[in-house]
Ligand code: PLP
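Below, in structure tokens: the form predicted alone, a single chain.
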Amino acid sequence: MTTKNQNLSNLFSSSTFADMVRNKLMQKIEGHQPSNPQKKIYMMAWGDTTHPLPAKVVEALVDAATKLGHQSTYTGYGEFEGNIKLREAICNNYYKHRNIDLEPEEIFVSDGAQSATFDIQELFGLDNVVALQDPIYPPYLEANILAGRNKIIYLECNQGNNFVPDVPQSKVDIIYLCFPNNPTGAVATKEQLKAFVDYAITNKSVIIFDAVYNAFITDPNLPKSIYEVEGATECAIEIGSFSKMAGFSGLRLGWSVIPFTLTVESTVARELTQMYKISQSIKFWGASNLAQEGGIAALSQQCQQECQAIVNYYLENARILKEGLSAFGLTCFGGTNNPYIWVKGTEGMSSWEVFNQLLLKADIVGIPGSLFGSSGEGFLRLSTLGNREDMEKAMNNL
């Protein structure tokens, strides 16, 4: 008799992050609106962009689509590692000006950071011990559960450590880090990241570093890539994305860096890079040609300024929202060098009580911190990736 995938069944039984948000959160909204039909709901739950794409990106997308309509310029499958011009642009226009030297062969283009997060864990054995930040972006955990890993520890992120965890006290094999952080809004310093790099080198561990929100860092003293830390190419994989820095959340485009110098037990230099190339060749025929042409345009010097202007728009949203919430008497973290605001309820309030307070008093919807892990209890995550008018009206409600 055919048997089921028990790992997937277990994940389904415990309910995924997406299911919890879609079902429980939406039920709360649906229960609120009938008694308040005249009120607008200000949705600040989703980490989804709302600003139009830069003009140069749109131009590149239209041009690429037009070429697909003519026999002489039609293209089908591309390289499964990604368009070489895009990989070169990531190396030269994204990393090099940070004094980070990478080869295009170390870059693997994906259809977004979420896919890359799942794919990368397949490089490693199921017996590895995994360390996750708590609160955590849940798909990190879900990817490892689905793979069948059960040796998982949590690194607590709380107000006392400014939501940046200490290095593990015991031996772990894989460490997931996300900075600027989703959901807490925290940003790690170079010194804090160096502690993790030193730990990983000493313990022969691997760091999987999610740098999706680094375009929001405006403080020149804060690192935008873990590779700004000496030794990181020996122990870290970095995940990048166009979703937030260029508004590609609907186009789906990201990348991963698997450095040649990264090794684990029983491997030599370049072996993990080659393994990932083989993995991608088996399961992935490459990201959309159109999206990749848009990515090349987004990394041009002219367009990077347009992209930063959009990021600055969201950062101004964050300032408006954080100042308004603080004036209301709420304690807020994040919102600086990060599009997320981590709102703390008054002493003793649960995350759902904070959720209800903002929904009832200001028609604002966020995601209860408890859905991100036990250390998120008592907090609420708000996204500032919405429209300015909604931010201003919501604050007027308060």
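All residue numbers refer to positions in the sequence shown, first residue = 1. Just so we're clear, the structure is a prediction, and the values are computed from it rather than from any experiment.
As for the form predicted together with the ligand, it is not shown, yet the points below apply to it.
- A heavy atom within 4.5 Å of the ligand in the predicted bound form is found for exactly one of 137, 163, 94, 176: 137.
- Only one of the listed residues (237, 141, 229, 212) places a non-hydrogen atom within 4.5 angstroms of the ligand in the predicted bound form, and that residue is 212.
- In the predicted bound form, residue 47 approaches the ligand with a heavy atom inside 4.5 Å.
- Though the partner is left out of this view, residue 277 does not reach within 4.5 Å of the ligand in the predicted bound form, counting heavy atoms only.
- The ligand is not shown here, and in the predicted bound form it never comes within 4.5 Å of any heavy atom of residue 273.
- Although the partner is absent from this view, residue 149 stays clear of the ligand in the predicted bound form, with no non-hydrogen atom inside 4.5 angstroms.
- This chain is displayed without the ligand, yet in the predicted bound form the stretch 238-246 from 238-246, 286-294, 216-224, 258-266 comes within 4.5 Å of it by heavy atoms.
- Scanning 109-128 for heavy atoms within 4.5 Å of the ligand in the predicted bound form gives 112, 113, 114 in sequence order.
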